[in-house]
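This document starts with one chain, in the form predicted alone, laid out as structure tokens.
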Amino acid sequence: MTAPAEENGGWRDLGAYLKSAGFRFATLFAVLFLAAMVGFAFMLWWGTAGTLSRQIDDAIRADALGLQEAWRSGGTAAVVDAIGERLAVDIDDHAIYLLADSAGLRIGGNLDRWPAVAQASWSWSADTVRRDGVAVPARMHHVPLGQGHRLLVGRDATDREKLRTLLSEALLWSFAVAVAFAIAGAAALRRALGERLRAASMTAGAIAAGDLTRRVPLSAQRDEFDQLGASMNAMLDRIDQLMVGIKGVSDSIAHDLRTPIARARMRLENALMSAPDEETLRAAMETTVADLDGISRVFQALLRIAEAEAGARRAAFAPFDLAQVLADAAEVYGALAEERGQHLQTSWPDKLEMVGDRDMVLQAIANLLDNAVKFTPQGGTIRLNASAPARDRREISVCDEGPGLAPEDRARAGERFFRADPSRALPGSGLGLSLVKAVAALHGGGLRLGDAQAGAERTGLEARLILSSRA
């Protein structure tokens, strides 16, 4: 009862084999190899048997023209004499001649009678004729001479036929050997392709099974398969980084949001249990709403970062003037800086045209200015500059006079919820620079952090936002 199942399994395996890319590539190799063999055989035939045939036809044609000239100059006797002279010097005994009258009777030549196949005027024919009692293959050209006389000029084609037979047999054997080589080469090609792709297939299977540590092994050849493997490894590294990032974000959300949620719940419970009057209860509820608004802002920031990193905001790309966006941001944060006793200095060209998401770029600039205002002490200066160092690049620089960042903190400044030690006492969620980095990546750029230059001293932090001006 298991035979039909095994038979069906065998047919499925055969079908999968015939549909495989390795089989198609191997078949293509075999077809191209055999096509090249056929082309070579055709050229060989054309250069040997074909050349010999053309040489025989040229000799016959020249001989017939000479005999026609003898007819015009001396008539029948001249043609008979010319045929006799040609037969006398025909050492190889390959020449065939026949001069016949209007009744078809032989006048001269070495054929007994006119061949049945040679009936059409001014035409060529090939047939077996009897010459001196021996049947031989012949190539013949027959022409009318006038007064009903006809002339037949030909050559014995025995040697040509032997050459054709020998060449045909050689080509047939060669084709058989070529077919064997094509099959063997196709099998070797398919095996080689399968070997090179097996490592990538096994790695993909292991990844699908949950082993994210597997990578495609690379050879020393550095060929296209290695390039594909390197691309797959880079993709897997990126996926691994994203998975680590997702885990870190989850842990950070659980850690950073647990406290405000617990605080809001405790405040509401205390208000419900011990609020002496309605005003106290209302104040507790308003404070709790403010805490929940802060939590909502964190989730909104996370959603914006996710949209930017996924490229979902590219649909909103449109031309806009970056100078106007900078002016809008400077107007809001210039007033905020004045309230804190700070000074905002700005500098950028009148026009900075670019293509992108205007709202996301404005949000990124606002985040940088918000950090600068937050960390710059009273009486300090914040500098907002922008330039176009290249036709397809825009750079925005925000410098503050705050405590700056240590080199080890700069490397982590774009991570979600990361906050350096000097900023833990200040309000914030640690998502501002994460959003800036995501916006920069969405616009084909990046974020660079360094020391701000203030006169001869280095103080504060410089955040340089680099954007591509093209979509």
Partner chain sequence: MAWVFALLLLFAPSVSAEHAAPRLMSDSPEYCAELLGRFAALGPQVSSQSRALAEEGRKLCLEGQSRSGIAKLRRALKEAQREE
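Positions refer to the first chain, counted from 1. As the structure is a computational prediction, the values presented were derived from the model and not from experiment.
From this point on, the text means the form predicted together with its partner chain, which you will not see here.
- Interface membership of Gly84, defined by any non-hydrogen atom within 4.5 Å of its partner chain in the predicted complex, is confirmed.
- A residue is said to contact a partner when one of its heavy atoms sits within 4.5 Å of a partner heavy atom; Leu193 fails this definition for its partner chain in the predicted complex, lying far away.
- Though the partner is left out of this view, Val38 does reach within 4.5 Å of its partner chain in the predicted complex, counting heavy atoms only.
- Although the partner is absent here, Phe181 sits far enough away that none of its heavy atoms falls within 4.5 Å of its partner chain in the predicted complex.
- Among the residues Ala103, Ala209, Met273, Ile91, the one placing a heavy atom within 4.5 Å of its partner chain in the predicted complex is Ile91.
- Distance criterion of 4.5 Å from any heavy atom to its partner chain in the predicted complex singles out Thr165 from the list Thr165, Thr346, Ser231, Gln241.
- Stretch-level contact check against its partner chain in the predicted complex with heavy atoms at 4.5 Å: of 376-384, 212-220, 104-112, 68-76, the positive one is 104-112.
- Along 140-161, a single residue, Glu161, places a heavy atom within 4.5 Å of its partner chain in the predicted complex.
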